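The chain that follows stands alone, in the form predicted alone, written as structure tokens.
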Amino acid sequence: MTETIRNFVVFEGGDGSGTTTQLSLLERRFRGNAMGLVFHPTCEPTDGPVGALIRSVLEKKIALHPLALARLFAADRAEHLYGPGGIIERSGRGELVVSDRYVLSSLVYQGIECGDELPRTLNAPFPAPELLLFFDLDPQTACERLKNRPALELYEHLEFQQKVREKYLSLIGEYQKSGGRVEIIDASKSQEEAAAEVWRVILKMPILKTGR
């Protein structure tokens, strides 16, 4: 297993599994707890220039070849990690950094789109999070949830999401065997129930016990 970043947590799951909602709920919970801990929520694609280009592709405003998109995700991730105010800097000074998506998303989505070799090669140098939470949800249920969105993005259709869940489950097993810490969240539960489970897992992290 690659190097691990302390104080860094990643939320992963298919579209509609609730990762973004749960990150928002976790941020709200930290705001309501005087723990003396800086909590930094973040996401991929980022809000930076490369991330903005990726979002334009996901929103189907522009079209790029999957091989190009895979490289863009890796470039955005490198800046997210190592750039000013990035994951490495913040986690290193004792902040709890939680990202909605990270390496595993690329291995899943870009792995489906352009094969495993390129995403694995591009992402091999990136360190692993201290903890990964996988929000598991049946793709049919997820797609029902997605119907409430104003517009569907590039990957938000049932056939693709079925492949996404299968690949996530395969890679999660591989990740665990390599020594990565994974907690699986039942995303079919209510938002409140899932949030309580997330909080239970987060509270076990060393940073919550030591303050750093």
Ligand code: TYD
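In case it trips you up, residue 1 is the first one in the sequence shown, and so on. Quick caveat: nothing in here was measured; it's all calculated off a predicted structure.
Form predicted in complex with this ligand: not shown, discussed below.
Stretch 145-153 is the contacting one of 175-183, 60-68, 145-153, 23-31, since its residues have non-hydrogen atoms within 4.5 Å of this ligand in the predicted complex.
Put simply, of Arg55, Arg165, His157, His40 only one has a heavy atom within 4.5 Å of this ligand in the predicted complex, and it is Arg55.
Under a 4.5 angstroms non-hydrogen atom cutoff, this ligand in the predicted complex has Ser106 among its neighbouring residues.
This ligand is not drawn, but in the predicted complex it has no heavy atom within 4.5 Å of Ser91. The shortest heavy atom separation between Gly51 and this ligand in the predicted complex exceeds 4.5 Å. At the 4.5 Å threshold, heavy atoms of Phe134 stay clear of this ligand in the predicted complex, well away from it. Residue Gln110 is the only one in 110-139 with at least one heavy atom within 4.5 Å of this ligand in the predicted complex.
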